[in-house]
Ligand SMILES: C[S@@+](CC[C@H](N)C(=O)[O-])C[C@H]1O[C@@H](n2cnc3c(N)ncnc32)[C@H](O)[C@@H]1O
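To begin, one chain is listed below as structure tokens, in the form predicted on its own.
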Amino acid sequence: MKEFIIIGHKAVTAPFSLNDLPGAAGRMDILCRCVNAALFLSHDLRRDVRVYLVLKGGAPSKIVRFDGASVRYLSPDERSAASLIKKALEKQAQGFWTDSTPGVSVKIGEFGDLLGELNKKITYLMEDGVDIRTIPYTGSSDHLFVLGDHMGLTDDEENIIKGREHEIAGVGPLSLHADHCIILLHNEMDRSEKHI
């Protein structure tokens, strides 16, 4: 299983307008692009992927989960992913996962709580991390990647990661968008699994 956590520091935690994802929805467009980058292949979905969106633009924080094995009604465009996130936020979220649409769930929770729930070694993506190509990735292992939005991660969030088993990796010498990093990560893992 490949799991991606993307933290949206301004992403709203209440239903929002699909007509203003970058503005009123708190850069929800970034999170939607990450969902698509993580889940879509040409003419198919990656069934072995889960995406967790940590929405911090309201109190309490909420987490929306997309499960590639069971997600339905998702098309490869921002508005489609945003619509499923919006439907999830219309649910009465609690401290446990509540199903919204097939393959999409929501709960109240913080980033640290989610890491505790998943309880895996973390690969934190940063520009100055160890080259991702030097880290062996195989299809037989579980992987948990953490990425920030346009604001990166806060010092507190980085300290939460440092308090757990982790590695810091980078996908290249330049600062890239989170969704581009996800595509590059998938490419490295795909190549490793196919022994290219």
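All residue numbers are counted from 1 along the displayed sequence. The structure presented is a predicted model; accordingly, all values stated were derived computationally and were not measured.
Below: the form predicted together with the named molecule, not depicted.
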Practice problem: Answer with one of M151, I135, A69, L41: the residue that has a non-hydrogen atom within 4.5 Å of the named molecule in the model of the complex. | Solution: M151
Quiz item: Can you pick the one in L144, A37, V51, L147 that has a heavy atom within 4.5 Å of the named molecule in the model of the complex?
Solution: L147
Exercise. Can you check 119-127, 104-112, 88-96, 75-83 and let me know which stretch has heavy atoms within 4.5 Å of the named molecule in the model of the complex?
Key: 119-127
Quiz item: Does at least one non-hydrogen atom of N187 fall within 4.5 angstroms of the named molecule in the model of the complex?
Solution: no
Practice problem: Determine whether any heavy atom of C181 comes within 4.5 Å of a heavy atom of the named molecule in the model of the complex, and answer yes or no. | Solution: yes
Exercise. Would you check, heavy atoms only and a 4.5 Å threshold, whether V12 touches the named molecule in the model of the complex?
Key: no
Quiz item: Is there any non-hydrogen atom of S175 lying within 4.5 Å of the named molecule in the model of the complex?
Solution: yes
Quiz prompt | Residues within 4.5 Å of the named molecule in the model of the complex, restricted to 159-174 and counted by heavy atom | solution = A169, G170, V171, G172, L174
